[in-house]
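Given next, in structure tokens, is a single chain: the form predicted on its own.
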């Protein structure tokens, strides 16, 4: 559960985010064993000329907690609450087994601007790891909060966090006219700052971010034909890029942003194709009489994995991203495996697997061919890696379709706030 200590830092930073971010607890930690790095986030000192009520340090705490790599201590365990370097007594923090300590202060610069000073200490060797200042305004967005959490995360783990990332998801809801409206939504990775970039009365399928995070491709399902679109996120400008005979579905962007892999049924059954965006030239990768769909690129762009029922049930296969290449079956175990995509390292796939207990999020190790189930639900759909590969996200089906974030070992689960309606599919990308 969120602790009081972290609340205060988020209070401070949400103050910076302005009046539109008063609802601060956007993701709640559902379960998980505290086995992360012990860290204490002390309530920041606030100058007397700031009279706003500050109750908001949930963003930073949630950022660190949901990765599964940190155990953010509750403020009621603190023996002191320093806001300045000279007030820190490392012996007190060692006594409660804290490895790292975050302190800070906030002061008004002028009517609209605030200065946040923050410091991170290694308690064991009693050394400051970094000290930083951030300037934010009352109209600033939540990026300021994520930036502080990002500084802490990177200095301790040595890896880039996924706090500065965005998601795209599709959601369907019934209007007052009793019609189903389908929306494509872009939001911060924790669900905040949600913006609808497309509304339509037809289902929107398989959103996929471009590598530069500036565009999204998707398929819109029609009665006789589905088409693939590319849309600029900032401007909303969009164009059809694939309207070939049959159904055009499941677009997936190549790592260099020049091509799309997609599924097309022009010959009566679904096969995998590659479209070069500049020339609209296509090549066909599969020609099986069974259904091939849901392609996804490897990070080096050499391979494409896809779902096919050419064997017994749906399974994952791999093919080189060239014509007339041999196809290799990857998944062997389980009643079915589908919707696979690569980890950023290319060593694993995240997929939806049925090992006899329903559809769950699984991690497939390419070298050992083994599958590890990491979700505790059994009606899962549309799973993806975070851009840095250190968190997972998926859609939970059922009457309440929603998005969850998982730590890679499945210990920490947190729900993402989404717009009202039934969430269908999700994609994850760096912030542009």
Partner chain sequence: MIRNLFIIGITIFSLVLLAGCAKDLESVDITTVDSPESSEGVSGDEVSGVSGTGDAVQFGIDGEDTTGTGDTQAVDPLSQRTVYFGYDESIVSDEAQTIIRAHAEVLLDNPDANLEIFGHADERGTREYNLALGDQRAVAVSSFFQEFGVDVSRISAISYGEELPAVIGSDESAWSLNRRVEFDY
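Numbering follows the first chain given and starts at 1. The structure presented is a predicted model; accordingly, all values stated were derived computationally and were not measured.
Note that the form predicted together with its partner chain isn't included here; everything after this is about it.
Asks: Can we say 302, 341 and 427 each have a non-hydrogen atom within 4.5 Å of its partner chain in the model of the complex?
Replies: No, the candidate spot makes no contact with its partner chain.
Asks: Can residue 178 be called a contact residue for its partner chain in the model of the complex at 4.5 Å between heavy atoms?
Replies: The answer is yes: residue 178 has a heavy atom within 4.5 Å of its partner chain.
Asks: Is residue 331 close enough to touch its partner chain in the model of the complex, meaning at least one heavy atom pair within 4.5 Å?
Replies: Because no heavy atom of residue 331 falls inside 4.5 Å of its partner chain in the model of the complex, the answer is no.
Asks: Going by a heavy atom distance of 4.5 Å, is residue 268 a contact of its partner chain in the model of the complex?
Replies: Because a heavy atom of residue 268 falls inside 4.5 Å of its partner chain in the model of the complex, the answer is yes.
Asks: Residue-level contact is defined here as any heavy atom of the residue lying within 4.5 Å of its partner chain in the model of the complex; does residue 128 satisfy this criterion?
Replies: Result no; residue 128 lies far from its partner chain in the model of the complex.
Asks: Given the stretches 304 to 312, 191 to 199, 119 to 127, 275 to 283, which is the single one in contact with its partner chain in the model of the complex, using a heavy atom cutoff of 4.5 Å?
Replies: Flagged stretch: 304 to 312.
Asks: Within 4.5 Å of its partner chain in the model of the complex, heavy atoms considered, which of 211, 203, 346, 82?
Replies: Comparing distances to its partner chain in the model of the complex, the residue within 4.5 Å is 203.
Asks: Looking at 184, 187, 261, 352, which is the one with a non-hydrogen atom within 4.5 Å of its partner chain in the model of the complex?
Replies: Only one option qualifies, and that one is 352.
Asks: Scan 356 to 375 and write down, in order along the chain, each residue with a heavy atom lying within 4.5 Å of its partner chain in the model of the complex.
Replies: Just 359.
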